[in-house]
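As a starting point, one isolated chain is supplied in C-alpha cells, in the form predicted alone.
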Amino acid sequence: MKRSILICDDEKNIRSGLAMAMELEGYQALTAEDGQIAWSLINKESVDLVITDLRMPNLSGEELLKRISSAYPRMPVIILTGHGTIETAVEAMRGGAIDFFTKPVDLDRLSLVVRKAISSSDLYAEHEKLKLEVEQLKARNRYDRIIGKSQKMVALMDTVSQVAPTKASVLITGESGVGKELVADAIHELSTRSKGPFVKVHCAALTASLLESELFGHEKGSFTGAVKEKRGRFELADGGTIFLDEIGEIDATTQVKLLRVLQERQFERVGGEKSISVDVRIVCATNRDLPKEIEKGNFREDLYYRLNVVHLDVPPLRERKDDIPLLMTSFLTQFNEENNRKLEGFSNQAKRALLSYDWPGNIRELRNCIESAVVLSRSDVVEVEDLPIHIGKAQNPSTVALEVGMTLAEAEKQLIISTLAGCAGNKTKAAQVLGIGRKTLHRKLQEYHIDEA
C-alpha cells in the first residue's frame, strides 16, 4: 500500500510541485491550501507524514503542528519556511517537527528526510507489534520468562508443563547460554513444590571437597575450618527442588553420595554418622555429552540413568531463529527501561545482521549484544554500527537465501536487499548490478518498503 504524504501550502505552485515530486518517489500525495483543510484531511484520511508551510490563512502551520503533536504524536511533520522565518521554524522543531526546509526546497534532501521519517515510523510500528506479541505469549504461557514461538520451543514448553507436576528427576542438556536454568526455574514454578524452596548449586564453581560440604553439609570439627555445624543444600531444599547445574563436573566420590540420595533419599553430613532423610526433587543441567563421559570413565552410568528419567534438550538459538525478533524486542524493552533510553527498534541492516549471525553464545550472547547496543546507540534506533563488529559483518551479501514456496515478489525483495548491502547502500551501483534503471530500483524500494537510506 502506498504511503500518503499531505502537503499543506497556500501557494498553488508549491503544492502541485511538491505533490508531483512525492508521487514520483512512489507516495500518494494529498494537498491542502491552509491548515484548516489539512487538519480536516488528517482526521478523515490515512496520512503518514505532513509537509506544511508556516504562514497560511485560517489556520497557521504552527497551530496545525500543535494539533498534530497533541492528537497524533507519532505523525512526522516537516516545516516549510521562507528565509525570514527561520527562527520560527527552529521554534517549530522544538514543538515537535522533525525538520524544516527553506524555499525553494531541495527536493533530493526532502526525499531523503521523508524516507527516513517513514522508515522510522515503520520501525516503531513493528517494535510495538512485536512487544504486543511478546506480552500475548507471556499471557498464554504459565511461565513467562521463556520467550519463544518456534516449533522447538513450543514442544519443549509443552513437555515442561507435562513433566513439572510429577516427582521425576529431570536432566536438562544444551549448549552454554541457551537458558537451561530458566527451564529449571519453570519446572519448579509449575510443580506442586512451587511453595517449597528452590535451591541452586553451580557445581563447576566449587572444588570437590567444597562441593561435598555444600551439598550434604558438615559437622563441627569435621575438617579444618569447620567451626560449627552446617546444613547442606539438600537439607535446605527439603520439600522443594534442588537444581544442580553443570552436573558433569562433579567428582567420583560426590557421584556415589548423590546416587544414594536418589535411591534412598538419605545421606550423612561430612564427618557425621547420623542419616538424614529428605524429600527433594532433583533437576540437573549440563552442556557436556554425558554418554561420552561415561565411556571415558568420568561419569557413573547408574547415576546417569537415575538423573535422566526425563531428558529435556534446549535447542541452540541458531535452530530457533524465528524467536530472535521476539527476544530482540524483549531485551530492547528491558534495557531501555534499565538505562532510561527510548530506542524504538532496529534498523533493517541491524535486523539482517542479528538474524544472519549464528549466535555461538546463544541467548546470553544476544542479551549482552542488545544491552551493549542500547547503551552505545546515538540515535533513536539500533543501527548495525551499534552492534559488535563481528555480528555486524554476519551478513553475506554475496549469497541470497531463497526458500521453496517463496513468491517472486519476496525473492525479488531479498535480491534487492542483498545487492544493496553488497554495494554499501549505493543505489546507482546496485541498479547497475541488478541490470535495471535507477528510477526502477527506487520505485521497487518504495513498493517493498525497503529502508536503503
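Not measured: the values here are computed from a predicted model. Numbering starts at 1 and follows the sequence shown.
There is another form of the same protein, the form predicted together with a small molecule; it is not shown, and what comes next is about it.
> Spot the stretch among 273 to 281, 370 to 378, 97 to 105, 180 to 188 with residues whose non-hydrogen atoms come within 4.5 Å of the small molecule in the predicted complex.
Flagged stretch: 180 to 188.
> Hey, in the predicted complex, does residue 175 get a heavy atom within 4.5 angstroms of the small molecule?
Contact check for residue 175: yes, within 4.5 Å of the small molecule in the predicted complex.
> Against the small molecule in the predicted complex, would residue 331 count as a contact residue? Criterion: heavy atoms within 4.5 Å.
Yes, residue 331 is a contact residue.
> Does residue 287 make contact with the small molecule in the predicted complex, using a 4.5 Å heavy atom cut-off?
Taking the distances in the predicted complex, the answer for residue 287 is yes, it comes within 4.5 Å of the small molecule.
> Does the small molecule come within 4.5 Å of any heavy atom of residue 364 in the predicted complex?
Yes - in the predicted complex, heavy atoms of residue 364 and the small molecule come within 4.5 Å of each other.
> Among 237, 146, 211, 171, which has any heavy atom within 4.5 Å of the small molecule in the predicted complex?
Checked against the cut-off, the match is 146.
> Just to be sure I understand the contacts: of 353, 327, 312, 242, which is the one whose heavy atoms reach within 4.5 angstroms of the small molecule in the predicted complex?
After the contact test, the surviving option is 327.
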